[in-house]
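Starting off, we have a lone chain in the form predicted on its own, written out as structure tokens.
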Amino acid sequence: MPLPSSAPITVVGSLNMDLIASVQRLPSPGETVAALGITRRFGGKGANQALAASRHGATVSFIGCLGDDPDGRDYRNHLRREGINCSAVGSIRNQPTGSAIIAVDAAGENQIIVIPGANAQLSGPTVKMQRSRIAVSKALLLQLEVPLETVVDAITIANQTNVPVVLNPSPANASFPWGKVSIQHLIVNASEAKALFDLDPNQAKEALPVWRKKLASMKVGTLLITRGAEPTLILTATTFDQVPAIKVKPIDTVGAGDAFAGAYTCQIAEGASPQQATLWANAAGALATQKEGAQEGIPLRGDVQSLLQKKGHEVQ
């Protein structure tokens, strides 16, 4: 377990138990195929990103919901072992812990069925009861795998208490009230950026005024666009930067984006610039691709630092 830094972070998000079946090929409608093997893993974007921030050195508090069932108890113990404060994680009676049923074929293609379960019970009033927890944080990290109204309520509290918001708007939700709340840091991949802004991120440098106009209307301060092996783009009202990706040969890209978001948020909470935070986050995301599984591959801060130094970057 990493030593906590001086960066308290609150994460509002989902907790899922993933059931992953390996198959030679994905079934057609109505077809039954035999699995080659099955794996049970801890998942959910909220928990993945919380764990990434914790392994990067942050002091993490989690706001979410688990079922009052064996999966929920297992997950709570897992988070505690990772050093994550679970005192704001509720146990919901008569609701199962959230889960995902995933089939993965030999080529790495997948089919996923998500059962929200207790995640759907994370309500606005529950988050509002945690106002003081959010208010003392150096950053609030969120995704969109829990009810949208709850996410907006949490962001509103952060806006009112001057806590920087880091939002990874995944899975996409067309109902998000852009411009109604302030997002200090927005993390999207290239396809999400194109869908959200209706602009080509690969042509961002040539169309900065258009991007900046949209950022202003959406009340987004810093936009980060991850692009796999290509440099990560950083756009603000006054700057445009490209931070090189860390070159590795990926084994499993699942969870790389969550590792990025957690490491980035920890760095921002510690006072790093978006450029410096992105450098660390790129390295964390790269390392996350070196092992199978979303949480299994999330690296410790020391490993991220070692990779950056190996690649010739001066970091402390």
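The first residue of the shown sequence is 1; numbering continues from there. Take the two forms, find the largest set of C-alpha atoms that superpose within 1.5 Å, and that set is the rigid core. Quick caveat: nothing in here was measured; it's all calculated off a predicted structure.
The same protein also has a form predicted together with a small molecule, omitted here; what follows describes it.
Contact with the small molecule, judged by heavy atoms within 4.5 Å in the predicted bound form, is confined among 110-118, 129-137, 85-93, 208-216 to 110-118.
Not one of Pro164, Gln267 and Ala277 is positioned with any heavy atom within 4.5 Å of the small molecule in the predicted bound form.
Only one of Val181, Ala190, Ala245, Ala100 comes within 4.5 Å of the small molecule in the predicted bound form through a heavy atom, and that residue is Ala100. Note on the partner interface in the predicted bound form: the residue among Ile9, Val12, Val304, Ala294 having a heavy atom within 4.5 angstroms of the small molecule is Ala294. Residue contact check for Asp153: none of its heavy atoms lie within 4.5 Å of the small molecule in the predicted bound form. Interface membership of Gly43, defined by any non-hydrogen atom within 4.5 Å of the small molecule in the predicted bound form, is confirmed. Shown alone here, Gly64 lies farther than 4.5 Å from the small molecule in the predicted bound form, counting heavy atoms only. In the predicted bound form, Asp71 stays away from the small molecule, with no heavy atom inside 4.5 Å. Residue displacement note: Ala172 has its CA displaced by under 2 Å between the shown form and the other one (rigid core superposed). Taking 2 Å as the criterion, Gln160 does not count as shifted between the shown form and the other one: its C-alpha moves by less than this amount when the rigid core is aligned. Once both forms are overlaid on the rigid core, the distance between the two CA positions of Gln111 between the shown form and the other one is 2 angstroms or more.
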